[in-house]
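In the block that follows, a single chain appears as structure tokens, in the form predicted on its own.
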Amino acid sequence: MRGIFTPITKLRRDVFTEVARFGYERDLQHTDYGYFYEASYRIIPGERPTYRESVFKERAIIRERFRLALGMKIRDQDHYESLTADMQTMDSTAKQSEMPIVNVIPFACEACPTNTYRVSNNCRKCLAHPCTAVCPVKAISIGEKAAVIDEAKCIRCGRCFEACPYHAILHFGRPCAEACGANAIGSDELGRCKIDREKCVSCGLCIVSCPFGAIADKSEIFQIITAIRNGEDVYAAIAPAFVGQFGPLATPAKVFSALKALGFKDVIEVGMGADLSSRHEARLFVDNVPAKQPFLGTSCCPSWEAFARKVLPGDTGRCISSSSTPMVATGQRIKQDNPKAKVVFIGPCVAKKMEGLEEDVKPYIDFVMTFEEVMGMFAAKHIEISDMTEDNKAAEASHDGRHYAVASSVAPAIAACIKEMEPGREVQIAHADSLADCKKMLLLAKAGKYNGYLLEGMACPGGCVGGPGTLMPIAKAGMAVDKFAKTSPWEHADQNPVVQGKPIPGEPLPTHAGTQPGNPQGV
């Protein structure tokens, strides 16, 4: 549903806007958290429900969204707890979010059917009725008006679905589960969505796939605004996928100006960090493949990396690069220049929030937020990006660094650096941009089919431009990034003077071990 402005999009934006407005306008000395009771009535006004069977349920869901947007946990439903309980602990200029990042609001879930086959009214009650012939458990019979499936007997094999000449048998799945390439979506005792934390890699695709908006992620908007209002040096490190996300008239230069109007001290391109990462991973490939390891997997996507180490634990899993992601490389560069800086990564990715909780990342990245959350800040401050004057700052990233946002572009960027280090060397590349396809690629690599290869994995279809925190259609976003990338004066990372001549990040940068908070082994 990305790129379509749905009621869920509006509700999420309204929640982020209210939290941001509270952050900017509240009394820093005497904060009244009762604001959020009133705000739920502003978002859901009147007595008649708009989206669900009850206006009271609608407001209850909004209030849980407020808690998540403040970085808090969802309240337990089996005993009373005030909406504002512990909210004061979120009043901080330091990170407060904890795992899990992605959460199901239980009473917002409609317990969608999972892997179910139903007969539609297109059934002609045909003489052949092949559906009954192919069913291995005799779960289909011919009723008075149409075929009938006995769900108690049905084993969900799908043979009837394939055999019906009228396509009258429909397959229903749970959208959140179908979007989850890690197979982390199950059901609780009431049939509602439940996330398996051992499998989840926080890609966030379930969030944008749920038609009822029952899944949401924690936000750090409140802490970021608190740091800004307390006069700290807060820097925005913006991911390459930002281009076009804020509307057709929001040029990159105007987006930079708008972010400064929010209170950020400066805006830095994460494409610069991508150039640093390209150089580092090129060095890893040259030094290790194939002499010490059969292949090298890129590391810019934390969901892909965590997933790869789950699918291929042990020696094969260690073939995934230990290099820092572009986000971390950018944060380290900012803090080298200003040790007092607080770095906010702004991007399309929910998994970056998970990465930001890792102990070796925390020194360099203070907060993580999505483009969608930034839109809430713009709305709270009444900033119209198209009206901003352009901040025509010098380019900080190469074409390749900016193009990291698009699937199948990361490995070629690294390959260009490899060829610079070893002229004439041909680099074989394979890539996948969904976790389901990533798994296929990894299993082939384990079987020796990709020896000597550079493997690029992305959790989101289309790459970062398809992330759950994006605001526009994937194809359109990819074209916008491509256009912006071509404005860079440098083609490859090794041509970028911003990183050229600086130490290639190896020991100076933290190695990204692929661990998740509370999971030190990374498996």
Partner chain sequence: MKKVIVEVCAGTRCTISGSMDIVANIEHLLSTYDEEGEPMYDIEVRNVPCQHDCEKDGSLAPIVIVNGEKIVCASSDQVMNRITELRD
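Please read all numbers here as calculations on a predicted model, not as lab measurements. Positions refer to the first chain, counted from 1.
Form predicted in complex with its partner chain: not shown, discussed below.
- Exactly one listed residue, out of Ser92, Asn122, Ser187, Ser386, brings a non-hydrogen atom to within 4.5 Å of its partner chain in the predicted bound form: Ser386.
- None of Gly376, Pro348, Pro302, Gly356 but one reaches within 4.5 angstroms of its partner chain in the predicted bound form through a heavy atom, and that residue is Gly376.
- Stretch 471-479 is the answer when you ask which of 458-466, 30-38, 471-479, 56-64 has residues with heavy atoms within 4.5 Å of its partner chain in the predicted bound form.
- Under a 4.5 angstroms non-hydrogen atom cutoff, its partner chain in the predicted bound form has Phe246 among its neighbouring residues.
- In the predicted bound form, Pro7 stays away from its partner chain, with no heavy atom inside 4.5 Å.
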